[in-house]
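Have a look below at one chain only, the form predicted on its own, in structure tokens format.
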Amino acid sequence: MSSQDRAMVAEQEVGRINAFFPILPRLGNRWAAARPWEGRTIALNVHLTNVTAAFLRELMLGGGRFVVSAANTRTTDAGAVDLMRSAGVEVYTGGDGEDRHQQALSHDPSILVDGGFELFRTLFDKRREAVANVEAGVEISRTGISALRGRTGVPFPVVNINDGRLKDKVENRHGVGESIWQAVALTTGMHLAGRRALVVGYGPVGRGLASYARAAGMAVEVAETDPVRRLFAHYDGYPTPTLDDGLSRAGVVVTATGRSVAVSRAALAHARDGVVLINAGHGGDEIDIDAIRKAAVGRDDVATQVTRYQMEDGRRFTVLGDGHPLNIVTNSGSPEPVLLHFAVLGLTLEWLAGRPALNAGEVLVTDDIENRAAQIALDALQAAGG
């Protein structure tokens, strides 16, 4: 398929998305009238999906120049990339072998949007000369916020929209919680009811995963090292075994911790034969896939995004999406929670363009921004008959 054909397919998908939840076109009309980013360059490091393409198309109506880098090369949709490029967005995927984050920063952006602190890290460690040009930033992921808090001397404000009320209660819980299990059914053909699932991590994403798994008829257990979250899981009605104990029973394991190697090769020594391993977290390293590959004596690519590894002791581990966030890799689930998240992001960028007086370092997204995004979402749902 040519790039033009891929872009056309992506364009049709964007049209479908907007037809049933027209939140972004409503914002696009607002930005087209106000032109808040005129004269600015904004760089975004995000997953390159059709929903991202829908968002960028509306952002561009507000003036300015937009450059985008792939937050994860495995979650990059070629059609979405072609559509964004055809609209005039500079898109860097790393496909040319160059550092995609450095390429984005070479445009000297004044506002940065990051999903995972990769763009910020590259700025501070490899492009220090570009720091003076940056007025503000936005971080959209839990992984990125944790990295931001571990970094001293950040010289400009960075708005945290991950810890806002909407990201936690809508995208993390309902968006990821629902879409992961749809992706599992899509990639494997499994019927979920009656399966035993272990959810590793009981933050906002883990709570959604457990809730939707139970609604699908799965027997759900939760492995959580934080005692407060483990207590939450208990009172939500889930058994809370240790990771090793839970792995000994689970047929399906899904990680949602935001930590590297949350499920290590040593922990997998306790896993049962035939276990299906899935990641719902931001990165691609919550499950130690590299260690599984090295220890495996056989590999079978069962289907697209489905790989079964034969271990020396005879057990089989099936990995979905190569350990990357499965819902994004497979473009599964309703786009509505992500569209709402992008609405908050767009309104945050509009706010930052007004140069509010902010201290350097982390700044929590304001209630006013989230209230406006929620009202626009409710209006859009009414327009769509929701």
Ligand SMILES: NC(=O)c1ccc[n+]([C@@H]2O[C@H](COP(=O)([O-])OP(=O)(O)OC[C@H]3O[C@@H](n4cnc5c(N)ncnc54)[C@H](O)[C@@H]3O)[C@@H](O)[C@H]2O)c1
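A residue's number is simply how far along the shown sequence it sits, counting from 1. Just so it is clear, the structure is predicted and the values come from calculations on it, not from any experiment.
In what follows, reference is made to the form predicted together with the named molecule, a form of this protein that is not presented.
- This chain lacks the partner; the member of Asp82, Asp288, Glu118, Glu171 within 4.5 angstroms of the named molecule in the model of the complex by a non-hydrogen atom is Glu171.
- Proximity to the named molecule in the model of the complex, defined as a heavy atom within 4.5 Å, holds among Asp226, Asp301, Asp96, Asp125 only for Asp226.
- Interface membership of Tyr202, defined by any non-hydrogen atom within 4.5 Å of the named molecule in the model of the complex, is confirmed.
- Although the partner is absent from this view, Met218 stays clear of the named molecule in the model of the complex, with no non-hydrogen atom inside 4.5 angstroms.
- At the 4.5 Å threshold, heavy atoms of Ile161 stay clear of the named molecule in the model of the complex, well away from it.
- Remark: Thr52 does not count among the residues lining the named molecule in the model of the complex, judged by a heavy atom distance of 4.5 Å or less.
- Proximity to the named molecule in the model of the complex, taken as heavy atoms within 4.5 Å, picks out 137-145 from the listed stretches 152-160, 137-145, 307-315, 99-107.
- Proximity to the named molecule in the model of the complex holds for none of Arg30, Val89 and Leu340, with the criterion being a heavy atom within 4.5 Å.
- Shown without its partner, the chain has Ala256, Thr257, Gly258, Arg259, Ala262, Ala280, Gly281, His282, Glu286 in segment 256-287 as residues with a non-hydrogen atom within 4.5 angstroms of the named molecule in the model of the complex.
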